[in-house]
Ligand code: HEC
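In structure tokens, the next block holds one chain alone, the form predicted alone.
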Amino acid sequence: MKKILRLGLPFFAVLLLLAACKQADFEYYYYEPEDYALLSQYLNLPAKPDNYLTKLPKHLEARGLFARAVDQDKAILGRVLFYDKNLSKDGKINCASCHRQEIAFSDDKPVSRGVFDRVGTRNSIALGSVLNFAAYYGTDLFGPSGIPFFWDNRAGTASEQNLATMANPVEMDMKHDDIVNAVRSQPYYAPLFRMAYGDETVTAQRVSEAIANFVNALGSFRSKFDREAERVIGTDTWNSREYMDFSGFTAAENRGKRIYLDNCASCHSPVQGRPMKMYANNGLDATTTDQGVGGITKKNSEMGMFKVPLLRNIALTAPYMHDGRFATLEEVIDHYSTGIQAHPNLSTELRVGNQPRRFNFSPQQKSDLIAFLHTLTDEELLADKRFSDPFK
């Protein structure tokens, strides 16, 4: 028996060494040398691919939120496509033109500008306001419970959203054939398509799917609020621990948190997990000009209603609202304090009887609420190289 053990242990050690070498070789030679040499002429991609798998904090997983896995090779391809200006009619616009990483993938203009400096009609939604797209966005992943895309919720999946954006004459103005030809003409796409799809065939659907995988990997969950919620709330979801003071917060931040929970969380989520409502009317105007969701569904009861976003990274993503009318958080809070208009579809949370609600926040309450909103900033997302511009 001892002889067998003496023979077995060295043999087992050799097997471990061989397995380790095989793993190391796989990681080092992930790309063929000639492919990586080609890619490196144009792109700053690591030799060992980035990891796009996401694990959410415990305090959010305890509420049933989990990030579905994306295809890593498609996400890498999608990252390049997201930043490639060749996918626009004038060669000057990419997805990142309206979704800039340094401001949480938002735009700093009231409404974005597209090809040939054409002016859009709505403010670009901050991708960094979302916890994680693969956690609750997209009807392909979550059926009718999945949150759709755009302010008017007209796209059910990330693929539908990015194809619509690329085709929009005001945004990128590219037909499907234009997209395919633009991608085929760039030499760096051949090895990326082989890794993602097993061959170099370019289709608009593959382009769209790759961008969708990149977008579905995006998310913000490493803010000061998340760190404190992880420590205080943990996996306990039933005793309103979010109302407890967070020791890592200042007094103003804790006061602001309570104001937020009492007045805002019923629409925007107590823990910035998933919005409590898919759409709402927040009384910006007394009548409907932009029909929002109602313009798509044609239902009178949904006229003037728009997506309810989370408030993650809200301090970075001015201007605010679907039309970018408010330049500062102070203006937003003033609106909810005294400026809500009596729209026919005004959400119930913002009315008392048939009249708009007046929160009448004091100057101190406004200051405290803004202090809390700043705790939702995720500095790590702003510097995460996995989501940065890969072009040299």
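For every residue, the number given is its place in the sequence shown, counted from 1. Keep in mind that what you see is a predicted model, and the values were worked out from it rather than measured.
The protein also exists as the form predicted in complex with this ligand; that form is not presented, and the subsequent description refers to it.
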May I ask whether L131, M195 and K385 each come within 4.5 Å of this ligand in the predicted complex, counting any non-hydrogen atom?
-> no
Residue (of E171, D226, E209, E242) lying close to this ligand in the predicted complex, criterion heavy atoms within 4.5 Å = E171
Among M303, A252, V202, C267, which has any heavy atom within 4.5 Å of this ligand in the predicted complex?
-> C267
Want to guess which of 30 to 38, 51 to 59, 65 to 73, 344 to 352 is within 4.5 Å of this ligand in the predicted complex, heavy atoms only?
-> 344 to 352
Residue contact check: P309 to this ligand in the predicted complex, 4.5 Å heavy atom = yes
Check whether Y42 has any heavy atom within 4.5 Å of a heavy atom of this ligand in the predicted complex, and answer yes or no.
-> no
Looking at the partner-bound form in the predicted complex, is N86 within 4.5 Å of this ligand by any heavy atom?
-> no
Quick one: does Y189 come within 4.5 Å of this ligand in the predicted complex, counting heavy atoms only?
-> no
Restricting to 75 to 110, the residues within 4.5 Å of this ligand in the predicted complex through any heavy atom are F82, I93, N94, C95, C98, H99
